[in-house]
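A lone chain, given as structure tokens: the form predicted on its own.
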């Protein structure tokens, strides 16, 4: 009997925001070319935070469902309704991605980001990455959770890569990675000095403009989390 029970999926605010915008588009209340209300008003109306609204819009924008125009705000893209419906369905599926898929995608993106960052970084990029690393180290030394500071360092590397698509993809999956890291308590048992030393090595390779070494250092840094995701997936498959 218990085998017939299904796991209950709790929808996240971003899921609900995307779903409500989908309903408005499908019903015709929102048509291609229509302007979305400001983030603040959407957040107040839906009873969610502005950052959650921003995450939802960022994902919809990346997939071409909405687009932001200078001085005009965010509008619904001029695609057919059926095309929009299919794209939004895909975005919602991505929102429910499993942890292993997120980590595998992250490894692919991060290795290439580190590679390009080593080739293209500027002096300003080095300052930004160094500042992010210092913020991460400060939290670690204070015994505080440093997941967000950790990922900020990685996003600064993506910015230094000067590849807008890589950066956008990182921005799309980052909220899901943060939530998964926190809920699964990833790396809680790791030696806190190990990831810090790995961050320093990655940064030094980028400063030295050694692209191959930077990519290798990033692979080594993410290997523990990749191994952990395989264990999580194996545990799920046995249930």
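C-alpha atoms forming the largest set that superposes within 1.5 Å between two forms make up the rigid core. Residue numbers count along the first chain shown, from 1. Just so we're clear, the structure is a prediction, and the values are computed from it rather than from any experiment.
Absent from the display: the form predicted together with the DNA. The rest refers to it.
Site annotation in the predicted bound form: the residue of 131, 168, 105, 74 reaching within 4.5 Å of the DNA with a heavy atom is 74. The partner is absent here, but in the predicted bound form a heavy atom of 39, alone among 210, 39, 34, 198, sits within 4.5 Å of the DNA. Of the heavy atoms in residue 51, some are within 4.5 Å of the DNA in the predicted bound form.
After superposition on the rigid core, the Cα of residue 200 moves by less than 2 Å between the shown form and the other one. Core-superposed comparison between the shown form and the other one: the CA of residue 39 exceeds or equals a 2 Å shift.
Core-aligned CA deviation for residue 72 between the shown form and the other one: 2 Å or greater.
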